[in-house]
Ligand code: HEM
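The form predicted alone is given below as one chain in structure tokens.
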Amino acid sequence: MSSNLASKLRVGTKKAHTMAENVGFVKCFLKGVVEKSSYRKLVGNFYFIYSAMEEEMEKHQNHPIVSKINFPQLNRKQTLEEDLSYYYGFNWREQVKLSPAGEAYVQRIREISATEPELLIAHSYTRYLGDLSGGQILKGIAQTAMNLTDGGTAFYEFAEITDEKEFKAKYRQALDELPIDEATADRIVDEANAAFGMNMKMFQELEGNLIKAIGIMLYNTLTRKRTRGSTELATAE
């Protein structure tokens, strides 16, 4: 028996996926416009979100459905801790806080774990398959844009997965083999779309920070140019 859930998720979330990619913060990121302060806030949110998701998945390690899609080699909590230590220093736990959109995301994960744990599959799919699919590209963009040479991108590295393409095929097969009915599959797709929406709200929160930071950088650049110009003019006189 096959639920065809992998295909249903791919087709059913296509529009939401495209909308998420067109949020200003994401578009800027993909173009190489990344500001470290905004990015580290995103990493902080991810830390709480992945921690919640992985804790709740572990609680259901014997669940007849959730257990079949729980792959510990995907876990990101430890890599996010490494990155937060890089960006904030050894006392990062005292500095990192959830944003309102991040908090709503975490609350949703906790809620469905307590009431409809099979919906955790939607969050696993949305987060992990995206990380595996575009992770290396995003890692390269982050390294170049923020001039990272000695860390800060552990989140994108899956040390226990040697062949990402092969693992994604294994993951999709596990989705298709889940013992679920049509109604449950539809609810998982709906939850995946909701997860994309929660991600969008989180990215939108960061847009203001990014725009402000870019504005300050442009202002400082123009100020330096004007100062340099004035100095050169005074020297010439």
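The structure displayed is predicted, hence computed values, not measured ones. The numbering used is simple: start at 1 and walk along the sequence shown.
Separately, the form predicted in complex with ligand HEM exists; it is not shown, and the next lines address it.
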Using a 4.5 Å heavy atom cut-off, which residue among Arg110, Lys139, Arg127, Lys77 comes into contact with ligand HEM in the predicted bound form? Arg127
Identify, from the list Val26, Ala174, Val33, Ile65, the residue with a heavy atom within 4.5 Å of ligand HEM in the predicted bound form. Val26
State yes only if every one of His17, Phe196 and Phe203 has a non-hydrogen atom within 4.5 Å of ligand HEM in the predicted bound form; otherwise state no. yes
Go through 79 to 87, 142 to 150, 94 to 102, 119 to 127 and give me the stretch that gets within 4.5 Å of ligand HEM in the predicted bound form, heavy atoms only. 119 to 127
Consider Lys168 of the chain shown here, and say whether it contacts ligand HEM in the predicted bound form, taking contact as heavy atoms within 4.5 Å. yes
